[in-house]
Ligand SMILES: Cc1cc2nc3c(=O)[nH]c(=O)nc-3n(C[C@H](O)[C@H](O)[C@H](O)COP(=O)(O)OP(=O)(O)OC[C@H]3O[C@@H](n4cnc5c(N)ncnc54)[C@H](O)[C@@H]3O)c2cc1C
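There is one chain below, alone, in structure tokens, taken in the form predicted on its own.
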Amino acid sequence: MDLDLSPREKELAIRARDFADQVLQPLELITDENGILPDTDYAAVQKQVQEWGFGGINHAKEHGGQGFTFLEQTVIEEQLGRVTNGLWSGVPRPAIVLKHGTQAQIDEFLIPSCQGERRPCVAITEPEAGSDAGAIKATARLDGDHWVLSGVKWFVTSFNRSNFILVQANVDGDPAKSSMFLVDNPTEGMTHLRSPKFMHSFCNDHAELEFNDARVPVDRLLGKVGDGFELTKDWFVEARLQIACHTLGAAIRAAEVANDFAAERRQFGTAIRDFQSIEFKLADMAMQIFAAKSMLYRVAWEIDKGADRKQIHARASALKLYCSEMAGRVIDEAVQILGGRGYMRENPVERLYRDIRVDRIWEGTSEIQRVIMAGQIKKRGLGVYTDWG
């Protein structure tokens, strides 16, 4: 097995690192001070995304994307994860489920999204439906040539930048007919209730929406009636893999900042990195990053080799769980090494500390990932995690 990155993969990693450093990092404090990235800066980033060749990195060229392999996407996403305040969200990657649309839907929604002309967001979670997606109450009923949607959705990330929404709802109120709909933003009958503030400052907002007999053209059903859960599962798998990449990048940046600080900071006449309590922290941080990166790149390679869909689902949960919890530990230690400076908002490790906490919650909590893994072990045996291939 050849474990070396190809010249193309290495070039993409360097280009993504440069993009993160030159385009996104200068906007970190601006985003933190404003709570979100201001509109003028967001528009400038969108222009740069296209110029740097990062539009639609997760889609095929015939759909307006870059045609990158999953390993190529991984090397890019890792570098984007280095930036604070969720600025990686400034690089739109339209939900992978859009590729299952009709040709008309691909032409109207997916291709323009990859080209930076449109942007989707995803509305799944509800007041009574989070980890239990089967508890979704939003409904859709067919009325002539329109679907009529009703219900409340929470945590709709990037609603403020979107001009269409992927909404999961149950046709005729039947969970067995869970379906996905493409809804214009704005649309009559949809109300933006609020965008609450969260622990982190983020590139975009996280909205709460209400659909009150919102009428959606009949041709805006994505896939077939009843496809909703499978489409949502595919979206969750993609999102979990992206979280693994982003948390890895965040942990690496925090470790680098802590390592540099430990070499420069002197107490009792010596650099603090020479104290065993500090060098052991750095060693543990490096070990955990090493393990996470090994897992992530292995799974990316397996996906490109055509791994079974169920295997990808199983391993995506393990990756999301390990990488998000690893990053929490590493960044916490980075704050400790920096001491009071690590607690200052001007320092990236402080912002990463706030940023990374949500990664153990959204797109499936750590507890849900363990439930998924335990279920996979029960059905398929330990080999899904312990075997190679």
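Computed from a predicted structure; not experimentally measured. Start at 1 and count along the sequence shown; that's the residue number.
We do not show the form predicted in complex with the ligand, though everything after this point is about it.
Q: Does Val91 make contact with the ligand in the predicted bound form, using a 4.5 Å heavy atom cut-off?
A: No - in the predicted bound form, heavy atoms of Val91 and the ligand never come within 4.5 Å of each other.
Q: Is there a heavy atom of Trp147 no more than 4.5 Å from a heavy atom of the ligand in the predicted bound form?
A: No - in the predicted bound form, heavy atoms of Trp147 and the ligand never come within 4.5 Å of each other.
Q: Against the ligand in the predicted bound form, would Ser131 count as a contact residue? Criterion: heavy atoms within 4.5 Å.
A: It does: once the ligand is placed as it appears in the predicted bound form, Ser131 has a heavy atom within 4.5 Å of it.
Q: Determine whether any heavy atom of Ala123 comes within 4.5 Å of a heavy atom of the ligand in the predicted bound form, and answer yes or no.
A: Yes.
Q: Counting only heavy atoms and a 4.5 Å cutoff, which of 148-156, 83-91, 97-105, 252-260 contacts the ligand in the predicted bound form?
A: Contact-bearing stretch, as computed: 148-156.
Q: Counting non-hydrogen atoms within 4.5 angstroms of the ligand in the predicted bound form, say which of Phe275, Phe198, Phe229, Tyr297 makes the cut.
A: None of the other options qualify; the answer is Phe198.
Q: In the predicted bound form, which of the listed residues (Phe211, Phe181, Trp235, Phe164) lies with a heavy atom within 4.5 Å of the ligand?
A: Checked against the cut-off, the match is Trp235.
Q: Counting only heavy atoms and a 4.5 Å cut-off, does the ligand in the predicted bound form sit next to every one of Val358, Gly364 and Glu367?
A: Yes: each residue has a heavy atom within 4.5 Å of the partner.
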